[in-house]
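So this first bit is one chain, no partners, the form predicted alone, shown in structure tokens.
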């Protein structure tokens, strides 16, 4: 009996050891062929951002797994405040934070170096515009840094988070590694660089000197798998713990049925139709109202998938600070749409032509709208072009109608309204961004609401200004919000993140994450 018991114990140990070792590594697969850079001030692609979030940190952060500017938390900074001048922001740094690989302690010099690097035009960071309001950065002492803005800038704390414009990098590491920092990141996060295999994988290991709780995972291996079916098969075979998936209802239903956890997250791209007020017949409000009444958001959501999309009614996406649904509605009503066309002098309808991207995100919804408009006598010709060409053409002002999907951080009215509805942003101008409707010139716009809100430190007053802008935009019928299309991802039941994934385009891994 003793021998039998010993054999059972030995077999149990042989089974247990590999399971324990395997449980210390999280295996992730992303739908990319490779990464271009892990320099946090440049990277913004789905294959890069999840890795960067494990390595680098910012002064402040969102709660794990979600994006919410109303819930900012301390990270590398423990406290922050704005001075009486409403321009000078002071951040007090956490003491004893160590850089990976022996690069010393985090100090205010690193913070100054990081922000100066982002706003330096010679560096060329795409994040530079996001910090255009910053005038100067000064070191008060090793653990205190001050950021002075050119005008009152209420969202500055929200910009000091885990985004391109908020990551802090080591001055010593950046100067020593130079261009090698693209593939050899050095941060303060719970995981640090171990190996990079081009077009194959990126491996991180636990940071033994992490200032927070000790990471529960020993390693995280991120595999590059651009083919959707290959990633799904890897998840089903237990080769990986988590993957990103196409935001399609059939994928969601299939993986849920197979016993996997599927997460659909937002904020994500909200798709909107923008009417070009300089092109006939879009200059006629009744025509625009007719086109709006001829669109059923419910049908669009059903077409995309009930779990994939949610309808939107305001020009500011739901979930953003300042959002209101207390706006004029244009409910689906074919009879009313036809009446507006008659009143506009188009009783027999009219022909319309527009360029559209061949992307499976843009083309199918527009084809559904094409069929809807046909019911009221509007014959829409869709000129299909590749996606890069579409973006070039809509910025050349060739379309009478533009469909555009966008997500803009921080989740407030300022950046979103500025880009789409401020007169300075009209396409074709030197200051152009993506105001496709010519709102603010072809028709008086909402510049004052946007400008006043930009510098308002009183959040209540700021929200009222954003609400007023939404009501005016919808009243003028210059754009028609359609839906938000969520991000989708799936994981095995034994991958425990330690929190709920509510936002971001892929799973976040922190010191709390583990394999059960």
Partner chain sequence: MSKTQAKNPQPEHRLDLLREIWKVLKHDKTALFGFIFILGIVAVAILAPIISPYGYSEQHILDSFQGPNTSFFLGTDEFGRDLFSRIIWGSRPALLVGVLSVLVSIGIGVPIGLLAGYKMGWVDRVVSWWVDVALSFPSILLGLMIVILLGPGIVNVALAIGISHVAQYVRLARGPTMAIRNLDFVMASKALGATDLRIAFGHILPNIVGPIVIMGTLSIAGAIRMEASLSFLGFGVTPPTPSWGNLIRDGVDNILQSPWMALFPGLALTFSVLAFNMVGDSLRDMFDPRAGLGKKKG
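Residue numbers count along the first chain shown, from 1. This is a predicted model, so every value here is computed, not measured.
Although not depicted, the form predicted in complex with its partner chain is the subject of the following passage.
Figure note: of the listed segments 244-252, 184-192, 69-77, 279-287, the one touching its partner chain in the predicted bound form, with heavy atoms no more than 4.5 Å away, is 244-252.
Although the partner is absent from the chain shown here, 232, 299 and 384 each have a heavy atom within 4.5 Å of its partner chain in the predicted bound form. The contact with its partner chain in the predicted bound form, taken as any heavy atom within 4.5 Å, belongs to 371 out of 218, 141, 325, 371. Checking 407, 260, 303, 404 against its partner chain in the predicted bound form, a heavy atom within 4.5 Å turns up for just one residue: 303.
Under a 4.5 angstroms non-hydrogen atom cutoff, its partner chain in the predicted bound form lacks residue 331 among its neighbouring residues.
For the chain shown alone, residue 367 is a contact residue for its partner chain in the predicted bound form, at least one non-hydrogen atom being within 4.5 angstroms.
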